[in-house]
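The structure tokens that follow cover one protein chain in two forms, given apart as structure 1 and structure 2.
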Structure 1
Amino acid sequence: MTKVASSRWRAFRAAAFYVTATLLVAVWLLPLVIGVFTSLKSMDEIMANPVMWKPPKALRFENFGEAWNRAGMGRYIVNTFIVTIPSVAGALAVSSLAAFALAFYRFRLNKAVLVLFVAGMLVPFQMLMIPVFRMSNGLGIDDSFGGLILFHISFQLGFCTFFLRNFMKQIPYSQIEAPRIDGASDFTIYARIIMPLALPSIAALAVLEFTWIWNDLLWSLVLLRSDAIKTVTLGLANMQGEFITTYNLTAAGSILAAIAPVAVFLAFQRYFIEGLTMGADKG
């Protein structure tokens, strides 16, 4: 193959790649575009024109205000913050302690405990709905923020511990031995040496956990009944009527609900990428 032909082939492959990538991104963004257009339309326009991806004739930004006030999205979003922030903080605090022990303590059941954490990740949550409901009802913690937060922390411990333990295993053991010889306690080593080194992985994990817990519907549906403490996913589900659905308000509420996870990702984007790629070049 001549240099000219080779150059043309590379240019063709590059053009094909960019065209394919652009089409994939466009297809991926299509539901978001439809949601934005729907949120800015009136119900009359939605029912009159079945073409969902057609831009609105008149922009109705008041749909967001109605979703926030009349549909109660403001209260649901506040409730979700009340649940999500303590759940993420609790899961990271407990799992980082467990990961520290599994990464640096040498005891006979170390691998067995790690397998127990990993096994908990493999159990489908749907199988636990009835046991969790009966347990929470028996303990009197159902239909409360505290009960939901407790179960979120419990069910996220397996993945968080596994994730942080694998990262901490990359830290040289000398980082533990040297301060221990100097008389530092294990908690001091954990708080002042290991946690600062693990900050990128913790930030990446925090973004994932925030998104998962924020978007959770299953445990909110199982454990919450009172409308005053329902989370944003239950609030969106409540907007689906039996005979008619206000599609524009539901779309507006969905966009309002997505702002917080997107903002968290953008705020911690650098740490998120660094935490996920750290150690990828090591054998």
Structure 2
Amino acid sequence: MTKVASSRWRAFRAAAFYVTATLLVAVWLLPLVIGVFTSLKSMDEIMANPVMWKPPKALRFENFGEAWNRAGMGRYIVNTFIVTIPSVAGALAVSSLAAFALAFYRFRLNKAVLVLFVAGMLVPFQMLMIPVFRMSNGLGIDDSFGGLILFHISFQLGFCTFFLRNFMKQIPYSQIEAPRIDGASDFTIYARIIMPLALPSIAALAVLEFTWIWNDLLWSLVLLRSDAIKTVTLGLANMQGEFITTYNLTAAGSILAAIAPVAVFLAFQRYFIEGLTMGADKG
């Protein structure tokens, strides 16, 4: 291949990449674009000109104000932070203990415990609605932030443990060998050696868990009764019953509810992909 041909080839490849990638992303995001456009239109425009992918003629930002006020979004969003942040932190902290044990110790029930954690992920969890409510109610912790947080932490342990254990398995054993010989305790190895190494994957997991717990509807429904502590998905559900025919307000409310998880993802996306790395270069 001559130099000219090869540089043309490279240019062609670059062009092909950008065209394909742009088209792909555009098609994939069309539903979201429709959501955003709808949130900015007036109902008259939506009804008179039902071509959803056309940009709004005039931007009606008032829709957002109206959705915010009428649905009481502000308080719901604060509540959701109060639930989500400790739940994510707790799930990661607690599951990292289990993942460490399953990744680095050899003991008879190792696989059995792993299977137990994975098996818990397999049930249709709607089935747990009544038993979980009963248990929370019996302990007197239903209808409180704490009860919901405690449940979220426990419920996410299956996936988090499975995920972190897979990651920790990739950490070369040599990383542990040296400090062990130096007489470091198991807990020191967990806290000082393994956790820092696992940090990227913990960060990635945090992003995933944040979006899941933020977007949870079912468990908030089961475990929260008081309006004062309800989360944003419940607010959105109430609002959808109320504004089902005013598509623009529903869309605006949805966008308000989605801001936090999208922002968290954007803020952490750099760590996200890196942290999910299962590591092809295993030790």
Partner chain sequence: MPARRLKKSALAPWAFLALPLAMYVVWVIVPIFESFAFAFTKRDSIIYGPVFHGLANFRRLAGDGQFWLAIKNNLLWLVFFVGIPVPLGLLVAMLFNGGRPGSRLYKTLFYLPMTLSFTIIGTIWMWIYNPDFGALNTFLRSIGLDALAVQWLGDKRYMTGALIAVGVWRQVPYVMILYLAGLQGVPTELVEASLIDGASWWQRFRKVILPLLLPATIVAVTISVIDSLRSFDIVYVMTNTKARAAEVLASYMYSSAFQYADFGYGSAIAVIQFLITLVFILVYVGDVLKKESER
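Reference numbering: structure 1, starting with residue 1. From a predicted model like this one, the values you see are computed outputs, not experimental measurements. Under this definition, the rigid core comprises the largest set of C-alpha atoms superposing within 1.5 Å between the forms.
Which one here is the form predicted on its own?
Structure 1, not 2.
Once the two forms are fit on the core, has residue 29 moved its CA by at least 2 Å between the two structures?
Yes; residue 29 is a residue whose C-alpha shifts (by 2 Å or more) between the two structures when the cores are overlaid.
Cα displacement of residue 19 between the two structures reaching 2 Å, rigid core superposed:
Shift of 2 Å or more: yes.
Aligned on the rigid core, do the two forms place the Cα of residue 214 2 Å or more apart, comparing between the two structures?
After core superposition, the displacement of the residue 214 C-alpha between the two structures stays below 2 Å, so no.
Once the two forms are fitted on their rigid core, how many angstrom does the CA of residue 44 move between the two structures?
Reported C-alpha shift between the two structures: 5.9 Å at residue 44.
Could you tell me the distance the CA of residue 251 travels between the two structures after a rigid core superposition, in angstrom?
Displacement of the C-alpha, rigid core superposed: 2.4 Å.
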